[in-house]
Ligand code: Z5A
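Here's a solo chain for you in structure tokens, the form predicted on its own.
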Amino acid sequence: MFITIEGGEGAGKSTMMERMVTWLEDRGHKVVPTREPGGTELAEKLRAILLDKNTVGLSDQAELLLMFASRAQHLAEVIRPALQRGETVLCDRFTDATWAYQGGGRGLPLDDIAILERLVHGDLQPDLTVLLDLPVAQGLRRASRRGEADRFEEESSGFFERVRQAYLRRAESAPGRFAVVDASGSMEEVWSQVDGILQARLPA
């Protein structure tokens, strides 16, 4: 299975990822946890460029292409081989993040993102996408506690509101794949929702 976890800044994806790995392994899945951008040696180098706040002058289109370049390598080197081996891939963000951040946040043409999506991974889509949703102001407060902000975290609250709304539109357009979680509560409250989703959506 191919499972992704999505959400804006401060949504708690890393914590939920750890718990989801344990949940899946306890039920016999061989899990490959990974992330985007990143997941391979080359893709991690691209991630460093994309997140470094000292990366200046990067055009929005160049950012979009770097995201998909990283994704193409990730798919070729990690995701597709793991799925072919019958393993479960659990990925912290995937192409839905590009629709949200570069499409919603940056305002890039959605037709361009759709073309790149078809080029890079065709019909391959996650079997399940867990979207951790919470108000932007709350998420940014949480994110600020993590230390120095990266290039994206320095964006305005308006940017992140556009990201949030783009995520919610994606979820509304594909209800069979998405499960939206209210991530505004405590870690245990959020996990209770995720646990229920996994039990309902995954084969026994």
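Nothing here was measured: the structure is a model prediction, and the numbers come from that model. Numbers for residues come from their place in the sequence shown, where the first is 1.
FYI, the form predicted together with the ligand isn't displayed, but the following is about it.
Of the candidate stretches 171 to 179, 22 to 30, 52 to 60, 35 to 43, only 35 to 43 has residues whose heavy atoms lie within 4.5 Å of the ligand in the predicted complex. Not one of A166, Q193 and L198 comes within 4.5 Å of the ligand in the predicted complex, counting any heavy atom. None of the heavy atoms of V130 is located within 4.5 Å of the ligand in the predicted complex. Of the heavy atoms in H74, none are within 4.5 Å of the ligand in the predicted complex. Proximity of E117 to the ligand in the predicted complex falls outside the 4.5 Å heavy atom cutoff. Though the partner is left out of this view, E161 does not reach within 4.5 Å of the ligand in the predicted complex, counting heavy atoms only. In the predicted complex, T98, Y101, Q102 are the residues of 98 to 114 with at least one heavy atom within 4.5 Å of the ligand, listed from first to last.
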